[in-house]
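One chain comes next, on its own, written out as structure tokens in the form predicted on its own.
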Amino acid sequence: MTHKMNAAVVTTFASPLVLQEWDIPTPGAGQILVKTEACGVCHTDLHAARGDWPLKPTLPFIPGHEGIGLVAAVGAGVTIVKEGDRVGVPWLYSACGHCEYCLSAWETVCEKAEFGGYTKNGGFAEYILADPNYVAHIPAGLPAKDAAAIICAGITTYKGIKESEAKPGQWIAISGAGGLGHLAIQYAKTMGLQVCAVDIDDGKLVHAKRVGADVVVNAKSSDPAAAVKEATSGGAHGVLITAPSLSAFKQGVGMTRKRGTCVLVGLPPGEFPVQLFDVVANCITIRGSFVGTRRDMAEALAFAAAGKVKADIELQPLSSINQVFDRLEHGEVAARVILEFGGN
């Protein structure tokens, strides 16, 4: 076995990633080593590599928080996973386990949470160190490449739909029909909701119809709030905003039915533009939702394992990461790019 691994590394913010050989890490007590089979590429990875957000990762670091692979080695004291298990190393890399949030199963907002591919090295590498208490357990029969998008885009949209509190038979508007949105539509339909998909790209709206949207609205060629209100007889009971654009956020509140809930999962830079009068007078709830908990993860993966939800994926090698980032930045990725790792 070689003791070196290939990795795509951020050495300077806002510069291309550098393909480097790093030592394969050794798991310490309470850690595991995962041999990467596949890793999804997410818009968040682009933000990380550019240093866009207030808390920046420490350079150099390896992005990637949709890494799926087989447990190659376990450190002392690890009992909940064993060598050969297929696991995912998600955005929520670890949490403290004993604060008020962890104790109420809201570990996603733990003050001491660590994040994969951000504060901890992630899946753009042939091996990943992970915390066995927080890895995703990939169900038998779900291939690594299909699981990758579920442990980030899947869980984020599934949890967002739950947080909208829309009930079966009610309407949910999904703003953005790309990597997150095409999964959100499938989850929402499986959960018994009527779906109105909103995007500015007709190609993505055709695709939205194909994966189950009942109604589609082009936000460029019409007033999206008015169109959604007409299609849903008064506005959607739940609105999920996946698009990383401030105009989508502004329009989202306008699509929300009186007493409805508008859930934000996209992360555009800037402040939220909202007409406070409408929010107050229509008794609208605006709610942020951040990935999902380990329980949400198990549920999101179960839908995928049952064949109810399937990510559209495009496979690429690790060496193409800079071209993938460039396409992601220019909106030229139709669904989800998955980096596939070959070899033994």
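Predicted model, so just to flag it, every value in this text is computed and none were measured. Quick note: we count residues from 1 along the sequence shown, nothing fancier.
This next part talks about the form predicted in complex with a small molecule, which is not shown.
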Counting only heavy atoms and a 4.5 Å cut-off, does the small molecule in the predicted bound form sit next to every one of Thr44, Gly176 and Ala335? yes
Would you mind picking the one in Ala125, Leu180, Ala130, Ala147 that has a heavy atom within 4.5 Å of the small molecule in the predicted bound form? Leu180
Which listed residue (Pro139, Pro244, Gly212, Gly75) meets the criterion of a heavy atom within 4.5 Å of the small molecule in the predicted bound form? Pro244
Even though the small molecule is not shown here, does Ala38 get within 4.5 Å of it in the predicted bound form, heavy atoms only? no
Do Ala208 and the small molecule share at least one heavy atom pair within 4.5 Å in the predicted bound form? no
How about Thr156 - does it come within 4.5 Å of the small molecule in the predicted bound form, if we only consider non-hydrogen atoms? yes
Is Trp53 close to the small molecule in the predicted bound form, meaning a heavy atom pair under 4.5 Å apart or at it? yes
Per-stretch contact check against the small molecule in the predicted bound form, the hit in 188 to 196, 112 to 120, 93 to 101, 148 to 156 (non-hydrogen atom, 4.5 angstroms): 148 to 156
